[in-house]
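Next up: just one chain, as structure tokens, the form predicted on its own.
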Amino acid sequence: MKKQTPLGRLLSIYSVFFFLFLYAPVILIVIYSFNSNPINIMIWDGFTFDWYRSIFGLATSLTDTSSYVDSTDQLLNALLNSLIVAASATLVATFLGTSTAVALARYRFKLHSFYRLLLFVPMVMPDIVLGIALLIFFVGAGFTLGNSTIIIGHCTFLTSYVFIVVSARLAGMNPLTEAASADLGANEWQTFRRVTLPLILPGVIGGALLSFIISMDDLVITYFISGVDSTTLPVFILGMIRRGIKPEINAIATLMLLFSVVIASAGIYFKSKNTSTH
């Protein structure tokens, strides 16, 4: 075995501290979501599932007297709004992002490079700037703030994420496969459906799952363009934090983390499955 150099040891130590710094807060949130102390959530008082029961209105006698969730109905309504917004925005952004990626990869037209550059702008633009701009646009255009405005707002930047992921997949695709399909008599739609789409499907699925997670977690932009009855889960959690850090917040954050891990794992699974079939 090759002996590790001093620089290699230094990089190993740096890597350990880097990942510790990155994941230690997340691990603490998960641990303290099971803390039975309702007053000071940073002091360990014992193990309990009461805060998870409290979230869904299944509080025990302990949390019946000290529960901090204002309303289970409000929480579930915020979760439903988040799911509706994320699912709708993901469908639209996936269609737009995939179509745009294919068009820019296979065709050359005037202002091609400028149009590609524009797709990166929503990603690098500060969230607060984009949120204020969308709010001014919706109010000026006479839109009623609600789930529809949140979906439109999310599509403005989610499309860029899908575009980048699918474009990366298209860049690694051999264009001769499409030419071969055309030589065999297939038209453009048949070539796309039977050749191009199956090859870029892992990128499409990956972009869709990434968009769904980003939409579920978005706070800043959603805060500006949401209406009274369209509170999403991140905005609901922000409202809870404003009234003090409460034990249920750790439980909700843990559930959101678990959900994100499941979605990401599903994306990796479908990508590896599709890759193995080809």
Partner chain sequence: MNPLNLSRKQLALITLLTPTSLFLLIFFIGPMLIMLTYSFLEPGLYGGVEWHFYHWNYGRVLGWADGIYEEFDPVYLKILLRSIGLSVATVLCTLFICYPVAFWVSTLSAKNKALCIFLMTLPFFASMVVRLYAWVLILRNSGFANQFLEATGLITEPLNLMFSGTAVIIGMVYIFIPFMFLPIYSSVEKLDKNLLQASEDLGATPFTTFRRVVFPLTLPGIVAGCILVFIPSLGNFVVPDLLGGAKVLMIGNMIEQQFLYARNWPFGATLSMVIIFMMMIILSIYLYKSTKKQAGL
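Numbering follows the first chain given and starts at 1. Just so you know, these numbers come straight off a predicted model, no measurement behind them.
Another form exists, predicted in complex with the partner chain; not displayed. Remarks below refer to it.
Peer 1: Using heavy atoms and a 4.5 Å limit, would one call Pro126 a contact residue for the partner chain in the predicted complex?
Peer 2: So Pro126 counts as contacting the partner chain.
Peer 1: Using the partner position in the predicted complex, report whether Asn147 sits within 4.5 Å of the partner chain, counting heavy atoms only.
Peer 2: Although the partner chain is absent here, Asn147 would stay clear of it in the predicted complex, with no heavy atoms inside 4.5 Å.
Peer 1: Find out whether any non-hydrogen atom of Leu119 is located within 4.5 angstroms of the partner chain in the predicted complex, and reply yes or no.
Peer 2: Answer yes; at least one heavy atom of Leu119 falls within 4.5 Å of the partner chain in the predicted complex.
Peer 1: Does the 4.5 Å heavy atom contact test between Ile205 and the partner chain in the predicted complex come out positive?
Peer 2: Although the partner chain is absent here, Ile205 would stay clear of it in the predicted complex, with no heavy atoms inside 4.5 Å.
Peer 1: Mind telling me which stretch in 195 to 203, 167 to 175, 97 to 105, 76 to 84 gets its heavy atoms within 4.5 Å of the partner chain in the predicted complex?
Peer 2: This holds for exactly one stretch, 97 to 105.
Peer 1: Are there residues in 205 to 222 with a heavy atom within 4.5 Å of the partner chain in the predicted complex, and which are they, in order?
Peer 2: Heavy-atom contacts within 4.5 Å come from Leu210, Ile213, Asp217, Leu219, Val220.
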